[in-house]
Structures are given as structure tokens and as C-alpha cells.
Ligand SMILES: NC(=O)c1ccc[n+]([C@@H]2O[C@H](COP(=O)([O-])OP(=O)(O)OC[C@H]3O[C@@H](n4cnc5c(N)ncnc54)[C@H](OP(=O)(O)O)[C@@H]3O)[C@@H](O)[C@H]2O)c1
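Shown below, as C-alpha cells, is a lone chain in the form predicted alone; questions about how it binds or moves come after it.
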Amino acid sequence: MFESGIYAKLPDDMPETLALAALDVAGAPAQTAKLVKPGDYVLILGAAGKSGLLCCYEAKKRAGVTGKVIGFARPGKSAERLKATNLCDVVIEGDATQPVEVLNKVLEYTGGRYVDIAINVVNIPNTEMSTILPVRDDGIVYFFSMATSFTKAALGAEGIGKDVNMIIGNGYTKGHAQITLEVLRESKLLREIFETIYV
């Protein structure tokens, strides 16, 4: 390995397959842990997926009782599974490629308040504006999804006059492996979901 190569020591307290399933998306929850502060309103698009569940857990933990975590998911099994976790204050079902629909549903829940942070972990294209629109000016937009078109995101934000800070998720942030594996240690429910679906 090169000196700058990324590696993580596999833990002794969980199967290798479980650890690898979590480490595959470790950058997203670790970045969420860094970005979310007490009292923040956080929107997570793709909240019912592997990285989405981990991000919901970290967002809920960091936003605290004064913040809100809004999970956005496709209608059906995914949304029902997410609701059962109680990791979100509300689960909104809908189409993440429809920005006006996403915005209206979020504002309906918050009573007209824009969110402080939106996290995109959706694995389909054309969800850029759905992530940007619900965020307040000077808020944070975190694109972890590799389906993101950064041209659409940049020009879209400019086109609607939205002054937000956009972050590209590169899959690595300091402590990402430790933070993500700790989530599976802290949450028996998430560990069971990962063992059932992703291992």
C-alpha cells in the first residue's frame, strides 16, 4: 500500500461481511456526524437505503431533541422499513426526481421552515434540485450519491438564486470507519437490518 492509502482494521466483534457492508458507505454517516449540529433540521433523500439508514442514525444523534430528521423515501417497502426504525421524526414518501413536490412536502411538515442540511444518498439521477430547493440560504447540501450531476447542481442552484454550500462526498472523511462501525454497535436494530438485507 501507498503511505496515503486508506485502510481500516476489521473489528473482532462482528462478522467480516457485516463490517464490509457498512464500510462500503462509511463516508456518508461520518460526514453527517461532522455536519449536523444540535437543533438542525436535516433532510435525507434516499433515507431507506444502506447509507441512508446510517445517515439517519447519525443525524438524529447529532441534531438532538431540538432538531428534526426528515427521511425521504420511495413509497412501499423501503418507506415502511424506514418508518419502523424510528430514526426519523417523519418519513415522507415520494419521487425524489420531482423537486417542487419534495419542497412542498418538506415545507408542509416544517410549517414553512427550510432545512439547514440536505443529504443526498439517492442512487438515481435527476435528484439535484430536490436536494437544493428545500435548503435555507447559507445552508449545506451534501451530495454523497455518485448519480449526481454536478453541472446540474451548480447551474441549478445558480438558476434559482440559491446561495448554499455544496459538498461532494468522496467516500472518505477522517474517522469514517470507526464512526460507521460504532453505529452498528450502538444500534441493535440497524445491525439486524444490515445482517438481514446487506450481508
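Numbers for residues come from their place in the sequence shown, where the first is 1. It should be emphasised that the depicted structure is a prediction, and the values quoted were computed from it without experimental measurement.
There is also a form predicted together with this ligand; it is not shown, and the following applies to it.
- Task: Kindly indicate whether M129, K152 and I167 are, all three, within 4.5 angstroms of this ligand in the predicted bound form, using heavy atoms.
- Result: Verified in the predicted bound form; spot residues all out of contact, no.
- Message: Just to be sure I understand the contacts: of A84, L107, V90, I124, which is the one whose heavy atoms reach within 4.5 angstroms of this ligand in the predicted bound form?
- Response: That would be I124.
- Item | Single option in A48, V135, V69, V36 placed near this ligand in the predicted bound form, where near means a heavy atom within 4.5 Å | So the residue touching this ligand in the predicted bound form, by this definition, is A48.
- Message: At 4.5 Å between heavy atoms, is F144 in contact with this ligand in the predicted bound form?
- Response: Result yes; F144 sits at the interface with this ligand in the predicted bound form.
- Query: Taking the shortest heavy atom distance, is D24 within 4.5 Å of this ligand in the predicted bound form?
  - Reply: Taking the distances in the predicted bound form, the answer for D24 is yes, it comes within 4.5 Å of this ligand.
- Item | this ligand contact in the predicted bound form: E80, any heavy atom under 4.5 Å | E80: no, not in contact with this ligand in the predicted bound form.
- Query: Hey, in the predicted bound form, does G94 get a heavy atom within 4.5 angstroms of this ligand?
  - Reply: Flag for G94 set to yes.
- Query: Does any residue in 178-193 get within 4.5 Å of this ligand in the predicted bound form, counting heavy atoms only, and if so which ones?
  - Reply: None of them.
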